[in-house]
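As C-alpha cells, one chain now follows by itself in the form predicted on its own.
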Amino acid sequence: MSAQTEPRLRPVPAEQAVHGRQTYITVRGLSKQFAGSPLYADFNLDIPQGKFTSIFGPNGCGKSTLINMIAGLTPVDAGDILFDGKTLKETTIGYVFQNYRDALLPWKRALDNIKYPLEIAGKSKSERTRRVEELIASFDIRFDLSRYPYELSGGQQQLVSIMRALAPHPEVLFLDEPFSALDYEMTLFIRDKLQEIFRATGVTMLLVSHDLEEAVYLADRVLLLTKRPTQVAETVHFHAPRPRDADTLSTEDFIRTKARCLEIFQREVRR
C-alpha cells in the first residue's frame, strides 16, 4: 500500500463498478511487477459487502497474487486498498490457504491452531474456549482436535484451517483454491459448510478457483480476469437461491451463467 496518509481513491470504470450494493473492498491504482514484467498495472476493483465473489482467469494472470496483495501477504508496488474505508490493520480477516499442510503450525495441536488467532488478538482463555466450542458444533467435528496436524487426514487439516480462519469472526474471508488438494467427498462437504457459514454470518468471501463450475456454483458474482497485465474482463452475476445443491448444477440459470463465463474466458485466452 502506498505511503499516503489519506489514500486518494479514484472511481472505477462504469463496467467495473458495483451497483446497488455497499462497496467493502476498494482497490485503486494497484501495480505489481515480477522480474521486470508487469502483472498488474493501474488495476482498479470494487468488491461488494456481504457477497461471495469468485475470481477466475487464465493461467498466470495472478489470481492468487491478487488476493494475497489485498490480504497483505504480498507487497504491492503501488496502489491503495481499503476495507470499508479502513486499512488492513484496522480490519479482521481470515485466510484459507491452498496448501493446508504448510499453513498449520506443526508444533501446535489442532485445537491450539484454531485458537491461535484469538490468542494473538488477546482474547481470554474462556473466550477462546467458547469460540472453539461454537466452531466444533457448527462443523459437527467428530475427530480428535487434540492431535497434531500431521496425525490428521488432508480433509481434516483443511477443516482445521477453515475453523482457524473463522475463529476471530473475520469481516472478510479469503479462500485460495481451498478444495484443490481434497478428494471429491470432502470437497462437497466443505462447499456445503462454507455456504452455511456464508448464510449464517454474511461475511464477505473472496474465492480463487481454477474450477469454473465451482467458481460459479458458490458465487454471487464471478470476477473474470484477462491475461497479464491483468485487468477485469467482465463480472458475471449468478442469482440462484441458497442453499445450493446438486440440482443447482442442472438449472437453466447455472448452465447459462457458466457458458457466459466460459465464453469470456476463452476470449481472453485467445487474445
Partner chain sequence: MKLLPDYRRWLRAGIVSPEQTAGATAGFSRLRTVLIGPLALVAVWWLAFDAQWVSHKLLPSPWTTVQSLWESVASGAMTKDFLSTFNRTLSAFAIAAVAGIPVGILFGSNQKIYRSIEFLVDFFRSTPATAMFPLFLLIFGIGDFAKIAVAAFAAWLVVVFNVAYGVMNARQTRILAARVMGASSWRVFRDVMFFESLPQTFIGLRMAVSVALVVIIVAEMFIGSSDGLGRRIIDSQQVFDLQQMYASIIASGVMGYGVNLFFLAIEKWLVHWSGK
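Because the structure is predicted, anything quoted here is derived from the model rather than measured. Positions refer to the first chain, counted from 1.
Although not depicted, the form predicted in complex with its partner chain is the subject of the following passage.
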property: Option from 206-214, 34-42, 231-239, 64-72 whose residues, in the predicted complex, bring a heavy atom within 4.5 Å of its partner chain; result: 64-72
property: Within 4.5 Å of its partner chain in the predicted complex, all of 106, 148 and 164 (non-hydrogen atom); result: yes
property: 4.5 Å heavy atom contact, residue 120 to its partner chain in the predicted complex; result: yes
property: In the predicted complex, residue 133 touching its partner chain (heavy atom, 4.5 Å); result: no
property: Touches its partner chain in the predicted complex: residue 93 (any heavy atom, 4.5 Å); result: yes
property: Contact label in the predicted complex: residue 116 to its partner chain, heavy atom within 4.5 Å; result: yes
property: In the predicted complex, the residue from 198, 83, 97, 139 that sits within 4.5 Å of its partner chain by heavy atoms; result: 97
